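Only one chain comes next, encoded as structure tokens, the form predicted on its own.
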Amino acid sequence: MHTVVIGVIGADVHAVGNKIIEHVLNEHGFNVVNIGVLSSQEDFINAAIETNAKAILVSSLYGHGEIDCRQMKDNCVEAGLSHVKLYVGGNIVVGKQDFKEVEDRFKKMGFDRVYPPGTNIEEAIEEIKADLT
């Protein structure tokens, strides 16, 4: 069973989606460490270190995920977590933007997978399982 850290980054408080993600991951056999809402990069990184997590799943709904996620991969590497997979999803940018461009920017920031608003968590589960095996 793989341990994954999930949470909502920045000044975002969308707790319902976070709980749904936790529930579905648990159903699929993941050990979920949910750090909740209003979480900083440091919160995610510390939880990953403390639990020996294999992945960090960052959620954002309020549109400022791009700002909140800057330097996250670098901060993970600095903390000794270069092996940890990074996922991000939700409404992660301000305004309507071409998702392919958004995805490219996040991948350049070091995220392994980037999910647009409305992605079914079941769809992401299969990719996460494949990435972690």
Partner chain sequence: MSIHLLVDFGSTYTKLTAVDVEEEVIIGTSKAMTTVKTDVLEGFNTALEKLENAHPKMGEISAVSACSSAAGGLKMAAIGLIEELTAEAAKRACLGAGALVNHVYTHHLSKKEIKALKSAAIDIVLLAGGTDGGNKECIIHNAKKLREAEIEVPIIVAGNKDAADEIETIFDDSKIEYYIVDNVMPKLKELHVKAAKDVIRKIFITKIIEAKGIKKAEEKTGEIIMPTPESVLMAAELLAKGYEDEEGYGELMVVDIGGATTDIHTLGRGYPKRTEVILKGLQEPFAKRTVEGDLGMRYSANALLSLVSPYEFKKYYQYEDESNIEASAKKRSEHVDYLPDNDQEEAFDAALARICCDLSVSRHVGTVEVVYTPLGNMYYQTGKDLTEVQYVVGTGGVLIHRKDAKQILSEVTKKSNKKLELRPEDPKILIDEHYILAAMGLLSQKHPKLALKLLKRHLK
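Here the structure is a predicted model, which means the values were calculated and not measured. Numbering follows the first chain given and starts at 1.
Omitted here: the form predicted in complex with its partner chain. The next part is about that form.
S.K.: Does Leu38 reach its partner chain in the predicted complex if we count a contact as any heavy atom within 4.5 Å?
M.R.: Because a heavy atom of Leu38 falls inside 4.5 Å of its partner chain in the predicted complex, the answer is yes.
S.K.: Given that the partner is absent here, does His28 sit within 4.5 Å of its partner chain in the predicted complex, heavy atoms only?
M.R.: The answer is no: His28 has no heavy atom within 4.5 Å of its partner chain.
S.K.: Test of understanding: in the predicted complex, would Ala11 fall inside 4.5 Å of its partner chain by heavy atoms?
M.R.: Residue-level check for Ala11: yes, a contact with its partner chain.
S.K.: Should Glu66 be counted as a contact of its partner chain in the predicted complex, where contact means heavy atoms within 4.5 Å?
M.R.: The answer is no: Glu66 has no heavy atom within 4.5 Å of its partner chain.
S.K.: Using a 4.5 Å heavy atom cut-off, which residue among Gln97, Ser82, Gln71, Asn52 comes into contact with its partner chain in the predicted complex?
M.R.: Selected residue: Asn52.
S.K.: Even though the chain is shown alone, can you say which residues of 94-133 have a heavy atom within 4.5 Å of its partner chain in the predicted complex?
M.R.: Nothing in the stretch sits within 4.5 Å of the partner.
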